[in-house]
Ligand SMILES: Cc1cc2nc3c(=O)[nH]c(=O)nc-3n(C[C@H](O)[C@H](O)[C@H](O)COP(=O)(O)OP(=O)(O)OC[C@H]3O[C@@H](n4cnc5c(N)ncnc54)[C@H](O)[C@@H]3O)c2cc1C
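The chain below stands alone and is given in structure tokens; this is the form predicted on its own.
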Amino acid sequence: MDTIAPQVYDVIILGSGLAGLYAALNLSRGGPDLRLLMLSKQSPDVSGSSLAQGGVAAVIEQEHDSFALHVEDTLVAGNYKNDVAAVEVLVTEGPEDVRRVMELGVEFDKTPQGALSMTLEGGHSRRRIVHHADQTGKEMVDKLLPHVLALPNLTLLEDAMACTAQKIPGGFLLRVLSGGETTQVACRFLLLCTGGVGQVYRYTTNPAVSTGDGVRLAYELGAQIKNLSFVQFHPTAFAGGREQQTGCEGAGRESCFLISEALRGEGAYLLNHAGERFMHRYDTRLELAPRDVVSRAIMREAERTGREQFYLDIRRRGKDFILGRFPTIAEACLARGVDVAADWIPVFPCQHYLMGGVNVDLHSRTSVPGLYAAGECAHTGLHGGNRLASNSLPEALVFSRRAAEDILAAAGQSAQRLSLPPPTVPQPPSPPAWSPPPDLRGQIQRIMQKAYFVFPNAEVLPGAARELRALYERMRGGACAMRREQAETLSLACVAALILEDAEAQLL
């Protein structure tokens, strides 16, 4: 245990993705005396945000578009399970945040005439997605990160993970694993920007750092978790070399390579094993139906044909257009033996995004005073049952800014200070109450793939939920020293149990 008094901050931000970075920039308006700490699990440029390909959905001009259309498209994609107020906040405030990041150096593609180039993606009724080729998230993270690193009142810890959090009078006390060492830090306000939960699945487009730590910490702090079974499976992850297996070839614990929604927006056809377009059997919007519709259609077509080979074909757009619009995807596919200008691209559904999460209000406040959440780990209600393509990056901007604004207001109004516990006295290590079995993470992932992949498996779900709940409770009660691998696996067990329990409740 720690014997050194914890370092004290006004705000601690967990995560260095787009939500965390933009929150820090907005918190800097509080002046140099506001002490900020940001924890990055790996290097600060590694996050789900940096992998986002498509773009930012925003009604920048209303000559051929409108806020009302963007709202309606979001509601339709979300199966009308959205929080309408959150949708309206995103749609009306998002364009201004897009302009702000452009002022900070973020570059979006432009037409030869100098206007912003707008693309189309599934579920959108208008071209309203601004983008930076097919690396929009990376462009945004790369351009905002230097501004954050230049903040004189911000401390950034790399390779740092908060493994536990507890409420103390006036704030929070966190135990942090950093560089193989354990420290304690305290704060008045805690902002969770920890991203997704994709590593609960064997096949995911999420990076390896996406183990649901923020959801688990919030749950253990007593915050409300909502709609965690609202998991999005992207229909077109690269699946080269697949032979009747469900998922991405050779993925293991690595991220599946995503073939962006924008390919279908720019005219790519979705083909079955025989090279036939098939979406007409399942939805009148064809390839431009929302992601959940297309993923379910692929699974139904696989059942109909008895074959699991599916492809995207964008060859008709020509080599020059394809290489100019999708250079990163083209290069990554070529490295895997597929020439997107000449070949079909093998694809299959893969876990991609979490619509549920730590429940927050319109100011990103959780049910625990002083605890906030923004980005993918938060449940704003914006996405409903399925996220509309390219609504995630603007959500990260809008709701992290709103969190920062609310924190600054609360910090200015409150005179309450932290009441730190005394330094803990070292205790001799006790023998482990339970020794985790080998490949516990793989066990969790296999359970999830079987119990809930695109469709929930009603026969398997109840037993799987009970098994994961028992596993989480046993791990949490064990006396093993908390190492990063164990802390991440604990998060995965917690999140997996919550997903399946919510999925079971949704079926009732």
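So that there is no doubt, residue numbering starts at 1 and follows the sequence shown. Predicted model, so just to flag it, every value in this text is computed and none were measured.
FYI, the form predicted in complex with this ligand isn't displayed, but the following is about it.
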Residue 162 near this ligand in the predicted complex, any heavy atom under 4.5 Å?
yes
Consider residue 393 of the chain shown here, and say whether it contacts this ligand in the predicted complex, taking contact as heavy atoms within 4.5 Å.
yes
Spell out, yes or no, whether the shortest heavy atom distance between residue 205 and this ligand in the predicted complex is within 4.5 Å.
yes
Under a 4.5 Å heavy atom criterion, is residue 387 part of the interface with this ligand in the predicted complex?
yes
Establish, in the predicted complex, whether 279, 284 and 340 all lie within 4.5 Å of this ligand, using non-hydrogen atoms for the distance.
no
Interface check vs this ligand in the predicted complex: of 353, 108, 172, 269, the one with a heavy atom inside 4.5 Å is 353
Looking at 298, 288, 258, 89 here, can you tell me which has any non-hydrogen atom within 4.5 angstroms of this ligand in the predicted complex?
258
Heavy atoms within 4.5 Å of this ligand in the predicted complex: which stretch in 183-191, 345-353, 359-367, 90-98 meets that?
345-353
Counting only non-hydrogen atoms and a 4.5 Å cut-off, give the residues of 7-23 close to this ligand in the predicted complex.
14, 15, 16, 17, 18, 19, 20
